[in-house]
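Starting off, we have a lone chain in the form predicted alone, written out as structure tokens.
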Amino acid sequence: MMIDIKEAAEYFIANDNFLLLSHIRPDGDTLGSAAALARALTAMGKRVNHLCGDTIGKDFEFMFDGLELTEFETSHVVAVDVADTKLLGEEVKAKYGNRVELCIDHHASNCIYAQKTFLEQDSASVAEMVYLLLCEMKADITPVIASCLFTGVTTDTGCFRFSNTTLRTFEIAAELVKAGADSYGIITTFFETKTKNFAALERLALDSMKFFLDDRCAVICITRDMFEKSGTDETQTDRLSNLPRQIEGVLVGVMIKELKTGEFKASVRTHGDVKASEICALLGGGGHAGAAACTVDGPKEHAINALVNAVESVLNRND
């Protein structure tokens, strides 16, 4: 059942003992939105826990510092920024996939798996939705809550550079700064600072770039060997996904990274009328018009070919 923001607010006000779920390979939006919601609900005297079936990057750890999450019998399961239960990870999906009462999401590819779904496909981030939801609940937007949400807004819009950025995005960002969000620190951390290890991984990624389809498609491939050589891991690849699209003339940029399972996670970024979600849908994935993802089988050459074929199919459809 689809619900609106008022009904979502009533759900949280009327209930207690919440478990908030984030997706695997977590980003700033799923974590920032969940942490902000957890902090606000806790301040309202409710018991809240959070679960992510994957490692949380160290840059996101501040969101949960000092947040009192206790063990209790879960009554209400809420998924945040999770379009499909398979994105919860196998263990979390097996335990909670059929128990999700509410899903808060902004992906057009949402599978409508929850009992209730609060969905805004035009929202640049779930963090925007959560901000407005907390306002509807008359929750106190503290500086740390504002920082969590500002992280979600900026990371899902590429610091306001992506085409999903709207007037509402800027207005909410301004309100979060007014509420005390550490805008300078967040932007510096996520967009202006690189570790030496990340710089080494970025160099290897650029060296791997290949062009296809009359240079309209660029692909970079991150392998397990690159992680080992650079001293990095999977949590440090998000900022690389935009590199291929930044090349002049490229309509579709693809970053694929090798997972421990041998599969390859693909992040697709597009320009103009080319929809990344259509490309990824051909391979069982989904997402937004300008940014989407999917997982394909290895080895590397097979994964690249599968992505390029999907890109070619969508480009031909648009021609």
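Heads up: residue numbers just count along the shown sequence, starting at 1. What you see is a predicted model, and the numbers here were worked out from it, not measured in a lab. Take the two forms, superpose them, and find the largest set of C-alpha atoms that agree within 1.5 Å; that set is the rigid core.
One more form of this protein should be noted, the form predicted together with a further copy of the same chain, which is absent from this view; the next part is about it.
*Asks:* Taking a heavy atom within 4.5 Å as contact, would all three of R161, F170 and T195 count as contacting a further copy of the same chain in the predicted bound form?
*Replies:* All three within 4.5 Å in the predicted bound form.
*Asks:* With the partner left out here, check for me: in the predicted bound form, does some heavy atom of K229 sit within 4.5 Å of a further copy of the same chain?
*Replies:* K229: no contact with a further copy of the same chain in the predicted bound form.
*Asks:* Since only the chain is shown here, I'm wondering whether S183 would be in contact with a further copy of the same chain in the predicted bound form (any heavy atom pair within 4.5 Å).
*Replies:* Looking in the predicted bound form, residue contacts with a further copy of the same chain include S183, since a heavy atom lies within 4.5 Å.
*Asks:* Examine K178 and determine whether its closest non-hydrogen atom to a further copy of the same chain in the predicted bound form is within 4.5 angstroms.
*Replies:* Yes.
*Asks:* With the cut-off set at 4.5 Å between non-hydrogen atoms, does Y113 touch a further copy of the same chain in the predicted bound form?
*Replies:* Close contact is absent here: in the predicted bound form, Y113 is far from a further copy of the same chain, nothing within 4.5 Å, heavy atoms only.
*Asks:* Find the only residue in S75, N242, S109, T142 having a heavy atom within 4.5 Å of a further copy of the same chain in the predicted bound form.
*Replies:* So the residue touching a further copy of the same chain in the predicted bound form, by this definition, is N242.
*Asks:* For the interface check, one of 99-107, 123-131, 170-178, 83-91 should have non-hydrogen atoms within 4.5 Å of a further copy of the same chain in the predicted bound form; which one?
*Replies:* Looking at the other structure, the answer is 170-178.
*Asks:* Do any residues of 42-81 have a non-hydrogen atom within 4.5 angstroms of a further copy of the same chain in the predicted bound form? If so, which ones, in sequence order?
*Replies:* The one in contact is K58.
*Asks:* Once you line up the core, how about C217: does its CA shift reach 2 Å between the shown form and the other one?
*Replies:* After core superposition, the C-alpha of C217 moves 2 Å or more between the shown form and the other one.
*Asks:* When you overlay the rigid core, is the Cα of C52 off by 2 Å or more between the shown form and the other one?
*Replies:* C52: C-alpha displaced by less than 2 Å between the shown form and the other one.
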